[in-house]
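Presented as structure tokens, the chain that follows is alone, the form predicted alone.
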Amino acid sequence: MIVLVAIKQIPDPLVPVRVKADGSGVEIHDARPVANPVDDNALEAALRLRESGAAQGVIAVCVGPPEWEGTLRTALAMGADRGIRIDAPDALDPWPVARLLAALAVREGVSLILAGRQAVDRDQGMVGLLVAGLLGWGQVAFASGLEWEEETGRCRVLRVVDGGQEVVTLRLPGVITVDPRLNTPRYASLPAIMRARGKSLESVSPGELGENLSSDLEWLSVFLPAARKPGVRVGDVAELAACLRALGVVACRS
């Protein structure tokens, strides 16, 4: 099987967030670009499937501008066989991203799509699930364990759910979104990074996939949440109860 790994480039999440003065977005010029951390877990899972013999190839794909090619080259240095960039603006909504990925998956004849459970810049967690719906494939979200069952030709996926864990078997073709607990991504060696610089990356336009960038979602404004009021220190339980009654949080029955 061929595995497609969706990778998104984001501003370094360790850099403090600053909202633009006009509320149109977030300032990203001071933050170095990095791959979405959970997408690295998805890539590591794909590479392990290839190393086990279950997969014959790994394709790393991003939907973004030419500036994102550095992230794709890092994926190639980690071990991906091919890198494909679908040309699109930086801040694209989940719906057109999912349509583009689904169209590319059909064109490339992939059997499994892996992606991080969500991107840490917007925390929407929608793309993987939308792709599965568009393709009519089975999907498993928040995978914290993944094994290939050679005898059944299925993926055995462990998920952490409320109250414990569950195991799901996924018949291919399918989509899996992964949790950071799934694995520890490998580091790209310096020689591999140097070799990846010389590899060619494929660039595909939305039109070549028969898609466009239209979306029904409109961003009105971006703003920071209101600052929380400072807490109040109380001396004992009686004073705490009095404060809660004064705030109207609790009421004592007469």
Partner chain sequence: MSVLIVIDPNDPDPVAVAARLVGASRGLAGGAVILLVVGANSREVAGGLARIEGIREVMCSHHPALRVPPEDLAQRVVEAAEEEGCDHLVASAGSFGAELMPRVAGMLRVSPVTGVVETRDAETFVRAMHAGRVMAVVRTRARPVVLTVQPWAFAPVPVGEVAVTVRQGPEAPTLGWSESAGLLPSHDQGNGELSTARVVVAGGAGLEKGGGFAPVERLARVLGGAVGASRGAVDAGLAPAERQIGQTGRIIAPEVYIALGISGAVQHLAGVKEAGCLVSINTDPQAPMALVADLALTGDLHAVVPSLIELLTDG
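Positions refer to the first chain, counted from 1. In this text, the rigid core denotes the largest set of C-alpha atoms whose superposition between the two forms falls within 1.5 Å. Everything quoted here is computed from the prediction, not taken from an experiment.
The discussion below concerns the form predicted together with the partner chain, not included here.
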Practice problem: Determine which one of 26-34, 42-50, 187-195, 55-63 lies within 4.5 Å of the partner chain in the model of the complex, judging by heavy atom distances; exactly one does. | Solution: 26-34
Quiz prompt | Among the candidates Arg73, Arg85, Arg82, Arg99, the residue which, in the model of the complex, approaches the partner chain to within 4.5 Å (heavy atoms) | solution = Arg99
Quiz item: From the list Ala103, Leu146, Leu130, Leu92, which entry has a heavy atom within 4.5 Å of the partner chain in the model of the complex?
Solution: Leu130
Practice problem: Tell me, yes or no, whether Asp236 is in contact with the partner chain in the model of the complex, where a contact means a heavy atom of each within 4.5 Å. | Solution: yes
Practice problem: Verify the contact flag for Asp121: yes if a non-hydrogen atom of it lies within 4.5 Å of a non-hydrogen atom of the partner chain in the model of the complex, no if not. | Solution: yes
Quiz item: Taking the shortest heavy atom distance, is Ser221 within 4.5 Å of the partner chain in the model of the complex?
Solution: yes
Quiz item: in the model of the complex, does Asp162 have a heavy atom within 4.5 Å of the partner chain?
Solution: yes
Quiz prompt | Partner contacts in the model of the complex for 144-181 (non-hydrogen atom within 4.5 angstroms of the partner chain) | solution = Arg154, Leu158, Arg159, Val160, Val161, Asp162, Gly163, Gly164, Gln165, Glu166, Val167, Val168, Thr169, Leu170, Arg171, Leu172, Pro173, Asp179, Pro180, Arg181
Exercise. Determine whether the C-alpha of Leu244 shifts by 2 Å or more between the shown form and the other one once the rigid core is superposed.
Key: yes
Quiz item: Val17: CA shift of at least 2 Å between the shown form and the other one after core fit?
Solution: no
